[in-house]
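One chain comes next, on its own, written as structure tokens: the form predicted on its own.
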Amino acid sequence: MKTDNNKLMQYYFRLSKIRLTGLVVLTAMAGYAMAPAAFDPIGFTMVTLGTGLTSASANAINQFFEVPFDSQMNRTKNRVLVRGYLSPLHAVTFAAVSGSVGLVVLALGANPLTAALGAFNLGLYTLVYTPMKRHTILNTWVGSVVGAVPPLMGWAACTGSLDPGAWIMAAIMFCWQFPHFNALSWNLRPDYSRAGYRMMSVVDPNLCKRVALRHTVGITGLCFLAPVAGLTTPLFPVMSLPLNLYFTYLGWKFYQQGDSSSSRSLFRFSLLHIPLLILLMIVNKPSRKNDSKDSGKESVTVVQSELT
């Protein structure tokens, strides 16, 4: 099939799984915003762009590998490579270019640590998680690590290091993946089974429900650790508690009922939960007294130099 160049950008968005990439970029931006350093618009833009490009590359490679299996699933049978809208060579070229450019942007526009994290995540998603899906349910834990790395990238881009607050953000994202994905996969069990994917919802449904519930509880605990790590003010765990308790309640309903309705409710709320939690983090970001003191000293120095 000849590629329709008028729809090329649309195909690239679909190949990149643009909504998933958008979530990845959002959490990287959150990591940058929460880091205890001065906000640099250029650095912020570079890590946003670089993270988006590397995520697009990872998703394109994932789809390249999974064409035979995507064709067996109702959820994925209309993907661009399955339908033949793009050739496999075109997709691999897109992945190579976007991944290479993304890592260069991260290295030069941010720092080598951020680029290293991006390269690690690209390899983990494409070379470990993707083939693992057909062999063991541990793929979900590996995929959750992939989801936890973007806030580390944002933080590293801002500070050049990984402080305790960065790891709290990563841990929250790691935990969030389980109720989010386990609830999503629950109603896709026939699809996953037909395509030969070893998902918790297919192999061990009871474990799938238990793990989802445990990690909703885990998020609440991590939010109470956030002020201890200096990530937020002490008010954050209190303000986020209603949000987290409702998330846990939906996790409990999914654990108890295990039906399409409870899984759908948990999944849909997970899409609201993480951006709202990030917003509460930003609202409760501690003011950096040292920064204000330093800026005050700089102002005094400037005034003194002008007087003399």
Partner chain sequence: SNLRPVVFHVPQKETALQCRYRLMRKETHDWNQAFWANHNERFFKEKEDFVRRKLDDKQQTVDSAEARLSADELSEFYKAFLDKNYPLHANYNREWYHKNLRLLFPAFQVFLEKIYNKLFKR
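All figures in this text were calculated on a predicted structure; none of them were measured in a lab. Numbering follows the first chain given and starts at 1.
Omitted here: the form predicted in complex with its partner chain. The next part is about that form.
- In the predicted bound form, its partner chain sits beyond 4.5 Å of every heavy atom of Pro41.
- Taking the partner from elsewhere, Gln72 is found to have a heavy atom lying within 4.5 Å of its partner chain in the predicted bound form.
- At a distance threshold of 4.5 angstroms between non-hydrogen atoms, Phe94 is out of contact with its partner chain in the predicted bound form.
- For the chain shown alone, Gly196 is a contact residue for its partner chain in the predicted bound form, at least one non-hydrogen atom being within 4.5 angstroms.
- Shown here without its partner, the chain carries Gly123, Val145 and Phe269, none of which come within 4.5 Å of its partner chain in the predicted bound form through any heavy atom.
- In summary, the region of this chain contacting its partner chain in the predicted bound form, judged by heavy atoms within 4.5 Å and restricted to 182-190, 230-238, 215-223, 150-158, corresponds to 182-190.
- Checking Ala116, Leu162, Val101, Val203 for any heavy atom within 4.5 Å of its partner chain in the predicted bound form turns up a single hit: Val203.
- Only one of Leu276, Ala33, Val67, Leu49 comes within 4.5 Å of its partner chain in the predicted bound form through a heavy atom, and that residue is Val67.
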